[in-house]
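Consider the single chain below, provided in structure tokens and representing the form predicted alone.
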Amino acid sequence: MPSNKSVSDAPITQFINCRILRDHKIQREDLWVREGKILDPEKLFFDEQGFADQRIDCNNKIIAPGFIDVQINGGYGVDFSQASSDISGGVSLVGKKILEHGVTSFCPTLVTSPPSVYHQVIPQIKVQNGGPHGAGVIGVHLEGPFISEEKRGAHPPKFLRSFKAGGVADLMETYGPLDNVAVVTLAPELENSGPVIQELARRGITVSVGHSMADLSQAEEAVIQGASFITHLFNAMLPFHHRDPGVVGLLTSEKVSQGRRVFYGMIADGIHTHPAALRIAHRAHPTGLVLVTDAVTAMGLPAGRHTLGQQEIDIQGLHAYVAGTNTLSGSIATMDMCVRHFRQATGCSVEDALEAASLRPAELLRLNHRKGTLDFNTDADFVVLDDALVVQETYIAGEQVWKK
């Protein structure tokens, strides 16, 4: 038990014989946990004269912050864009299954859908902490319907919308209340998008540029108005051109003011983005890269026909296509797979690969004061990995929630 001077009677767990990712470096250090938070051992020893109640030997494994997936459309037969009779049950099922891939928090993502679906689904996806029941829900990511018809990708054209009524009114009419919303992806070239971006940013909702025909100046204007993310870079946007680099140019734009950072999502599944493109993006702007799975219903399911939102998709090997076409429709990759592929494709450090799935999404969502790091007093959400970056165990609030 802790000593009499300890500020809490709660048990203290000490993870020993491990290498932990802290301050952008993997270092040989013990990890101390109490009441779901990471403890500062110096304060424990000197101020409280406390000690560990339980020691866990990690056998020289790596401990990294839990992974955060800000773009996941479903998986294991669940489609977040379907107004089913048990929406929260579907979210819970996916939340439970992704623990084995090191994901401790996620943003259930809805693709372009009719307003009736948004009004039914959004209120039922509640922001909640993770635990043995599954990964925590940070909030909903609404990808569409305010996107470009030319760059809609797998989004159904009949449900696309514009800001006809002047912007914010269209948003509320389409989505309903935004209480559970964390991210909105929109095309900034749509008329009246400026007031929408400003209003979303004012409410603390992350605005992402995506599925867009925007040129660089339109993308820069969106960032000035409050946008801070790019949805799956290179996919569903104008290709990079040397005279107008388009949305991709935000990675090195001089219009992004000091102290502001644009983040960008990357689907590192070996299909959506060529390894050379991954390398170019990472080398141009390493601290902005956020790994996303963009996983669809069929993640974790066998090949064949499945649904995504309002249409059918066809799974062939590792590819997910809109049925009857060669249009890619999300991925069936898991987050740990993306981390390993990103590391291998870019030759980046292990630290960079792990932070792209943890620290960077936490910074994007302004949660890095409690998630995405192993700093003292942050949430004890972490993943234990071997040297090949294969997940061995997942912890949420200091509690083991999955073991290989």
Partner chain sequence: MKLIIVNDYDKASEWAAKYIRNRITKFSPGPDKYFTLGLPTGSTPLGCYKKLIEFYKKGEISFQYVKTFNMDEYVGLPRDHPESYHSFMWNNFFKHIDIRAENAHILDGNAADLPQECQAFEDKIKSAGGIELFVGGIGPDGHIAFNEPGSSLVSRTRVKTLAMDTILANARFFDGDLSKVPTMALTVGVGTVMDAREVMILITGAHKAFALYKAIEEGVNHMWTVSAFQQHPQTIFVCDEDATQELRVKTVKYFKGMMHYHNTLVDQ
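Positions refer to the first chain, counted from 1. Quick caveat, the model's predicted, so the values are computed rather than measured.
The next section is about a form of this same protein that is not shown, the form predicted together with its partner chain.
49 is the sole member of 60, 49, 54, 377 with a non-hydrogen atom lying within 4.5 angstroms of its partner chain in the model of the complex.
Proximity of residue 35 to its partner chain in the model of the complex falls outside the 4.5 Å heavy atom cutoff. For the chain shown alone, residue 343 is not a contact residue for its partner chain in the model of the complex, no non-hydrogen atom being within 4.5 angstroms. Remark: residue 352 does not count among the residues lining its partner chain in the model of the complex, judged by a heavy atom distance of 4.5 Å or less.
The stretch in contact with its partner chain in the model of the complex, judged by heavy atoms within 4.5 Å, is 39-47, chosen from 332-340, 65-73, 39-47, 355-363.
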